[in-house]
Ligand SMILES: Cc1cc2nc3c(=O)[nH]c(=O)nc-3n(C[C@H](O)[C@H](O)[C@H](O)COP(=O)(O)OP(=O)(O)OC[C@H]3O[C@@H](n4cnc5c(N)ncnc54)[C@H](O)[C@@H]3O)c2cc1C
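Below you'll find only one chain, the form predicted on its own, shown as structure tokens.
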């Protein structure tokens, strides 16, 4: 019995900002034979998956949105999860790509077929082949859990912020929060007033700087609606302000001092207890790992029902946690705010022409060309690949740069009547070496900390230069860096 295998010109993986943007811009360029695979039951990517209390973006909404789909109706400076998700749905609907998305369709395996010069993609709902395979899979897709002795014996409730248990009532409970990343900084102030006791296990104190979030006024929204130039000016102002963080990241870490002063002033202003302030004072340079914008986190920690524990965890017991100093703390619920795996497992399921997966390659060393192409993976492009993310700019800005590059690549192929494109290994090696060279003196490597910004002492994938310089490099498809053929 012969099973029918569906063939599409373009298969896109993931229906978040990257996948939706690719579908829209490819259709605008005249590519109609495409499909977007999404394993979840709804589009939105990160903003569909994360529903923990207080979930919001840490980039202002006027910048964390598509440039081709401005939204004058943001209710706050920083968009909250539900509002961002509504925005993505509205953009997909308005641009007519909802019908291109296959929800509840998980990609199980994707392999380049050299004999057929196409991709063979197995999904939870059947097999497809594709001329081009584009990955917009998010990097914050899989929860990271610490290895805690005795965790399997815990009799209470436990969950990760990525998989928030909304059916579990925290009121009056003794709650342990493990981790102090961006998610924990957002949900801790939300749950602190309801719980009887909150114990925050902190390995290293994050840099907290003022967020200054506020509701937008009706007059502001009216001006943005009526005068489009106003919205462009606001977006440009936010872009310039955030781009300036690159001065600390990759120009000279001496630029860190004003930012660190801002963080220290906020810490002194919001935390009265000097012993608690000492615990919450970072011991590394700002920018070495992700600085976090918050006005509510530090005050939440300076409450009578909160204790910050910097001692490590020796053991989890059925109803308690034992610290390495032998202190036993009663716990009803454990919430992990420990971030995400640096390389989601889905990349182990994408295999190139040499039989190696993307995951295998990236574990050897972060490698890609412009974060958009990988040698050994013909007819494959991605968003936010290694060295395609910025530590000092909105991810959406970088995604839009990559989308323009990918669309121009496929348009070039169509114009030339070519069927195969693959970045030259030499071009990729030169690019990776440039990234290593430029990263050597960055705060990410010299700032005295470890984070997902780094891997084995090397830059794990941030672009060590200005985002506008990256935009210039990706404005046109540079076919001379690629093998292009029939």
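Positions refer to the first chain, counted from 1. Predicted model only: the values in this text are computed from it and were never measured.
This next part talks about the form predicted together with the ligand, which is not shown.
A.B. asks: Would you check, heavy atoms only and a 4.5 Å threshold, whether residue 463 touches the ligand in the predicted bound form?
C.D. replies: No, residue 463 sits far enough from the ligand in the predicted bound form that none of its heavy atoms falls within 4.5 Å.
A.B. asks: Spell out, yes or no, whether the shortest heavy atom distance between residue 321 and the ligand in the predicted bound form is within 4.5 Å.
C.D. replies: It does not: once the ligand is placed as it appears in the predicted bound form, residue 321 has no heavy atom within 4.5 Å of it.
A.B. asks: Although the ligand is absent from this view, report whether residue 428 comes within 4.5 Å of it in the predicted bound form, heavy atoms only.
C.D. replies: Looking in the predicted bound form, residue contacts with the ligand do not include residue 428, since no heavy atom lies within 4.5 Å.
A.B. asks: Report whether the minimum heavy atom distance between residue 47 and the ligand in the predicted bound form is within 4.5 Å.
C.D. replies: Residue 47: yes, in contact with the ligand in the predicted bound form.
A.B. asks: Choose from 302-310, 255-263, 133-141, 198-206 the stretch whose residues reach within 4.5 Å of the ligand in the predicted bound form, heavy atoms counted.
C.D. replies: Looking at the other structure, the answer is 133-141.
A.B. asks: Decide if the three candidate residues 74, 216 and 243 all line the ligand in the predicted bound form, where lining means a heavy atom within 4.5 Å.
C.D. replies: Contact check failed for every one of 74, 216 and 243.
A.B. asks: To verify the annotation, which of these, 105, 338, 270, 158, has a non-hydrogen atom within 4.5 Å of the ligand in the predicted bound form?
C.D. replies: It is 105 that has a heavy atom within 4.5 Å of the partner.
A.B. asks: Only one of 370, 346, 389, 280 comes within 4.5 Å of the ligand in the predicted bound form by heavy atoms, so just point that one out.
C.D. replies: The residue in contact is 346.
A.B. asks: Scan 432-462 and note down the residues that get a heavy atom within 4.5 Å of the ligand in the predicted bound form; none is a fine answer too.
C.D. replies: Read in sequence order, no residue approaches the ligand (within 4.5 Å, in the predicted bound form).
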